[in-house]
Each structure stands twice: as C-alpha cells, then as structure tokens.
Ligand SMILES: NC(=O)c1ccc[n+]([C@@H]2O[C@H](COP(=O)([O-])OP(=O)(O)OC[C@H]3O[C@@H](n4cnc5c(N)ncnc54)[C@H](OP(=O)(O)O)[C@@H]3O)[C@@H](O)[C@H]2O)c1
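Next up is one chain by itself, shown in structure tokens, the form predicted on its own.
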Amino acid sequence: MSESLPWKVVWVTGASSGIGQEVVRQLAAQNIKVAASSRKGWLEPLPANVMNLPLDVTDAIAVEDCIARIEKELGPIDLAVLGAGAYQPFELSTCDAAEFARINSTNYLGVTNCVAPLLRRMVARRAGHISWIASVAGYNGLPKASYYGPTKAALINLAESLWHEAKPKGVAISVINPGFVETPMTKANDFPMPFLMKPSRAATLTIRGLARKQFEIAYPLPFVLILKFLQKLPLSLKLWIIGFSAGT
C-alpha cells in the first residue's frame, strides 16, 4: 500500500474472517498496532503488533471492557472498523422471528454497542474515526435479503445521522458498503453473485478510503452504480426490474 496510513492504534471487530481479517493483516503489515476482535478469536499465529481479543459484540458490557483494555494496553483508538456481522439467506417458507432478532442483534445493535463507548472517548479528546461495514444490500430491498438487508439499511442511516453530530466534535464517521465478497457468509448463497471480489481487494479499498476519511466507501464500482441508479427510479419500476432480474 503506497499511501502513508495515519493511525497508531486500530480496533477491528469481525476480525477472524473475510474483510475484517484482511484489514487486520494489511494494517499489521504497516506496523500499526491492531486489536483484533471476533467471537471465536484469531485462529492462527499473530504478528507481535496484533492483540487478539475474543469478543461478542452483542454483549454491551463486554464491549465496554474490551475498549477499556485496548486503550489501557495499546493507547487511544484512532480508528475502529466494526465488521462483526451475521447473515442468513431468507426463505419465505421458514420465516422465523428469532432469526430477524439474531441478525439485528449482531449487525445493528452490535455496532451501536461499540459506537456508544467509542464516541464518548473520542468526543472527549476531540479525535478519532469510527467506521462500520454495512452493504450495498442496504440501498434497495433485494430478494433473499429480508433478514440481512434491513440491518444494513439501518447502518447506512445511522452513519448519515451521526456524521452531522460527530464531525463538529472532531470525530470522523465512515460507512463501508461492499458488494459480494468471497467470505464464509457468502458461501451460503445459492444464486449468482455479480462482480464477486476477493477479501484482500476489498480490504485494500476499505483502508484506502478510510485513510482519505471518505464518508462512504463502496465497491465494486459497477455494482454500486447499478444499485444507486435503481434507487433513483420510480418505486414500481425499481421493484419490477429487481424482481425480473431475480426471477421472482
């Protein structure tokens, strides 16, 4: 990575696989101190500058304790990349209220459990950058995404809302909206995934955008442009195009 990275301490959740794991690897290679959190913890040898901190982000008290430990042992968190997430393809015949709650608990409330204590600390020192991984699935309602998509739409809205409050206090907010990336979560999909990306490329684009303090970091560009174009269409036309494309 050719750009100089501005952080000394970075906290990454969802760090044991996918984009989060690649972000940890790439930051560690730049000699940045990284705290890597996930439910199951890091399952391979770690570089000396990476702290392994197993964490369930749905436990707000554990999140508070984790942040306190990071800042005590590594120093103030300059950047948080909140990537812990859950996914289950939706099937109408097995629609389950408990599954809606489980996905929301991790994807949305898991982020807010981290954001609240981070904001208190960063606002107090008038410095810091908080980001989280949403998804292009949050742009429009998509087939198979009824569990997952609404949580990502909420994360996009949260970023837009917090940006107005945090910026005057010296805290940057970014939302990361990937398309399809080869991760353990997308292996559950039984449908074609256009513009499928490797996690290493997604992590590189994520870090590059965060270093520039972009509000939205979205990729791959062709897929993003298609989905954003659909947002601009009359609702009835948008629903017809998405349904026709998905064969519904």
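Not measured: the values here are computed from a predicted model. The first residue of the shown sequence is 1; numbering continues from there.
Beyond what is shown, the protein has a form predicted in complex with this ligand; the following relates to that form.
- Contact with this ligand in the predicted bound form, judged by any heavy atom within 4.5 Å, is made by just one of Met185, Leu46, Ala211, Ala68: Met185.
- Comment: 171-179 is the region of 89-97, 171-179, 120-128, 73-81 lying near this ligand in the predicted bound form, near meaning a non-hydrogen atom within 4.5 Å.
- Not displayed here, this ligand is approached by Arg39 to within 4.5 Å at the level of heavy atoms in the predicted bound form.
- Although the partner is absent from this view, Ala15 contacts this ligand in the predicted bound form, with a non-hydrogen atom inside 4.5 angstroms.
- In the predicted bound form, at least one heavy atom of Ile19 sits within 4.5 Å of a heavy atom of this ligand.
- Using a 4.5 Å cutoff between non-hydrogen atoms, Gln30 does not count as a contact of this ligand in the predicted bound form.
- Taking a 4.5 Å heavy atom cutoff to this ligand in the predicted bound form, the contacting residues in 130-159 are Ile133, Ala134, Ser135, Tyr148, Lys152.
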